[in-house]
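Take a look at this single chain in structure tokens; it is the form predicted on its own.
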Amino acid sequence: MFSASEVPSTKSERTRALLRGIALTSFRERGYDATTIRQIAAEAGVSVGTTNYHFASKNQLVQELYLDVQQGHRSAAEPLLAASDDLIERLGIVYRTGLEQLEPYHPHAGELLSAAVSPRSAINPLSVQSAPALEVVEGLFQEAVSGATHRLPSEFVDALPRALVLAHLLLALFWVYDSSPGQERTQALLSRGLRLLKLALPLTRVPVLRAPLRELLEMVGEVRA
């Protein structure tokens, strides 16, 4: 659905929106491997050339998928964040709503992972092309941390969201391989992680531990760089 300001107003914009919608549905229902530019064009009733004019490759459409999922993530998380000021609860909201947005894609998630795993892949979640979607996630973690009632030192408030994003990606990786009903093992792992984080975060206020913990967060930042 589009808001009033987002409704495509030209034929070109409508064609692009149609192609995008068909691709996102196909990724969800058929998976990455079975979704092709030719199939998308056929369903839209346009030529392959027209499809390539709007989206140069299937991987460009995957980036649209990433962004769509994370925009849905933000829409699901923000109302819940507004109802809580507890830091761990707010972090749990971001993680759990993120997993909920991924749920429809679980049957075919392994295909996308196989295509994205190479460091040189344009659809690697840490690639330059994937940055807009990842920025949405980091923004949610920044909101979760900055809007909570806590007494974390300011340098941790600034650095923590980047580490939380990396943990989000690792949790999603575990989720891809999780064949338990409803991915309950992933939910259990998340609950355990949040309990440990609740115990660990107060250590940032202990002077002797502050420097090594800050260095740990800096190391995580280098992984993301």
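Numbers follow the displayed sequence, beginning with 1. Between two forms, the rigid core is defined as the largest C-alpha subset superposing within 1.5 Å. Keep in mind it's a predicted model, so treat the numbers as computed, not measured.
What follows is about the form predicted in complex with a further copy of the same chain, which we do not show.
This chain appears without its partner; in the model of the complex, the one residue of 84, 114, 142, 129 with a heavy atom within 4.5 Å of a further copy of the same chain is 114. Residue-level contacts in the model of the complex: of 41, 67, 173, 167, one residue has a heavy atom within 4.5 Å of a further copy of the same chain, and it is 173. Shown alone, this chain has one stretch from 88 to 96, 74 to 82, 147 to 155, 114 to 122 that lies within 4.5 Å of a further copy of the same chain in the model of the complex by heavy atoms: 114 to 122. Heavy atoms of residue 209 reach within 4.5 Å of a further copy of the same chain in the model of the complex, making it an interface residue.
Contact check for residue 110: a non-hydrogen atom falls within 4.5 Å of a further copy of the same chain in the model of the complex.
In the model of the complex, at least one heavy atom of residue 196 sits within 4.5 Å of a further copy of the same chain. For residue 185, a non-hydrogen atom is located within 4.5 Å of a further copy of the same chain in the model of the complex, even though that partner is not displayed. In this stretch, 32 to 68, not one residue has a heavy atom within 4.5 Å of a further copy of the same chain in the model of the complex; the partner itself is omitted from this view. With the core held fixed, the Cα of residue 217 is displaced between the shown form and the other one by 2 Å or more.
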